[in-house]
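Okay, here we've got a single chain as structure tokens, the form predicted alone, with questions on binding and movement later.
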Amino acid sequence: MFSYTTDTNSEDCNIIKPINKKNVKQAILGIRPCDSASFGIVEKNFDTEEYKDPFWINSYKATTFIGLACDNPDSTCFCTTANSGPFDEKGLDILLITSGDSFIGKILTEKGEEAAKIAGWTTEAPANSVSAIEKQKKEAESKISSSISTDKIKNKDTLELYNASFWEEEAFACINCGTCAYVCPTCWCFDIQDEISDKKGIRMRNWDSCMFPLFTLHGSGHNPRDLKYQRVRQRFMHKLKYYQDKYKSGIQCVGCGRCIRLCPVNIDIRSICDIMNS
């Protein structure tokens, strides 16, 4: 975020200097549609009328997102009921679709057009490509057997859900490893730390998780979420309730299913969503 020195012999002593970070144009190739859909969710936290985060915004604007459609969704994927899908185009500049041993690229934005020209890709679409892509899309969507319902959650009283009796039972198995947060494309929690060597230092942001006991530890020693079930409740309330209440634009989840596949104790966001929505 910035650098500084505490060397009293330096004219820059105790002067904060911004990091000279050049946001060189870059491309992310092969990003899945569920991941690209997450940027619209995350953007509401980092690019708002009240607050604009230059680190996130500048990096995002310098990036071209070239997605790869998902022909074989995993059994834990529920993207089609989480405002996404295996061929979803939100957040993408180009969507690549497999076609035999090659790809068909659907150019979606000006950044996508520029990237296609730089890569030297032909802009001539194969015959019947539109109908072929639509067929592939329907086949991919038909393979998704998992779903969630959130229609009742948004109208439920927040404190009623917060004080519900099921949280301790649902959190019982959790080991607070943070895996769910690190694989989630819509998690944005971070910590701010100073790293100092001799008399030179930098302030940086580190990836963090609300599932960790130290995340909410105050300087006074008080921790408002010192119990495990409180942290588990925070995660799911934020994803499925708080975000809806604040932004009125659906849940903070794209249905990628990674947290389900990778949780070492099999905590399932779909099951918790069903309980909250009942």
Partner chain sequence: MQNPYLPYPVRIDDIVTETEDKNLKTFKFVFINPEEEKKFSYKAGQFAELSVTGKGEIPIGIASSPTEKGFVKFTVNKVGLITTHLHSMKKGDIMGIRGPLGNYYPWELLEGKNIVIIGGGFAFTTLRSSIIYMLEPSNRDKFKEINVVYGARVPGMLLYKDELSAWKKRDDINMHITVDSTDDPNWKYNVGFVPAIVGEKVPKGNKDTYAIVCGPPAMIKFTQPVLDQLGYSHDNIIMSLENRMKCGIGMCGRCNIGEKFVCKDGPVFTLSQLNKMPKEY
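Being a predicted model, the structure only gives us computed values, none of them experimental. Residue numbers count along the first chain shown, from 1.
Note that the form predicted together with the partner chain isn't included here; everything after this is about it.
Contact annotation: the partner chain lies within 4.5 Å of heavy atoms from the stretch 41-49 in the predicted bound form, the single such stretch among 24-32, 65-73, 41-49, 249-257. Among heavy atoms of K239, none comes within 4.5 Å of the partner chain in the predicted bound form. Mapping the unseen interface onto this chain, E114 falls outside it, with no heavy atom inside 4.5 Å of the partner chain in the predicted bound form. In the predicted bound form, the partner chain sits within 4.5 Å of a heavy atom belonging to D208. At least one heavy atom of F215 is located within 4.5 Å of the partner chain in the predicted bound form. Checking C189, I148, A171, V183 against the partner chain in the predicted bound form, a heavy atom within 4.5 Å turns up for just one residue: C189. Applying a 4.5 Å heavy atom cutoff to the partner chain in the predicted bound form picks out L159, Y162 from 148-181, in order along the sequence.
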